[in-house]
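Listed next as structure tokens is one chain, alone, in the form predicted alone.
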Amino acid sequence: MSSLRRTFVAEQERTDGCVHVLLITTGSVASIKAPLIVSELLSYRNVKVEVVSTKSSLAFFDAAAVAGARVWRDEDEWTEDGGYRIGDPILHIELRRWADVVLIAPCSANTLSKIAHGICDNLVTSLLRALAPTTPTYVFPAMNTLMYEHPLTNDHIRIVRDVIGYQIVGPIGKKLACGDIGLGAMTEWKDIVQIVVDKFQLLRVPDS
């Protein structure tokens, strides 16, 4: 196996009694909220977080700023020198085995389209294509208003919600990063965390 590849084995990484939250970030400026989402999730008891990011998503935040969770990217699955052997752990499979709940926050128009069409050309979309349908998965769209109002977006959301079975949350209306005002912003990051808190009845870590 290549010495450059980080390995992840779900059986070794899962902890009994913990909620395992997989945060996926894609190519929207709302990815800047990833460190905040992770930090807030980890302020609750018995929570573990892993982050999986597309290449374009990492243009908006520094992976080193994410405290308490690893950020996985395409290069962690596909290295230039190869090095896979039969029986080696496959990252996108191990991550989906690990997850109790998946948050796609933000979900860009591009990734939304890929999910709807079953495309799996990077770590994020390969993981989602392999994800068990029983894994609760929440999609938080984030894009320019006209991209959101594009007729194809409505079809993509319908497929992701009604065929694949993911839960679509948002977007919300506000002044967008591009300066436009309208519907298309990602759900507020604290509200995203609250969905997990409510679903798993999480309790905060007591102040020291």
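The numbering used is simple: start at 1 and walk along the sequence shown. Please read all numbers here as calculations on a predicted model, not as lab measurements.
The protein also exists as the form predicted together with a small molecule; that form is not presented, and the subsequent description refers to it.
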- Message: Is it the case that residue 109, even though its partner is missing from this view, gets within 4.5 Å of the small molecule in the predicted bound form, heavy atoms only?
- Response: yes
- Even though the small molecule is not shown here, does residue 37 get within 4.5 Å of it in the predicted bound form, heavy atoms only? no
- Item | Non-hydrogen atom contact residue 122 with the small molecule in the predicted bound form at 4.5 angstroms | yes
- Taking 4.5 angstroms as the cut-off for heavy atoms, does residue 56 touch the small molecule in the predicted bound form? yes
- Task: Among 155-163, 61-69, 41-49, 26-34, mark the stretch whose residues have heavy atoms within 4.5 Å of the small molecule in the predicted bound form.
- Result: 26-34
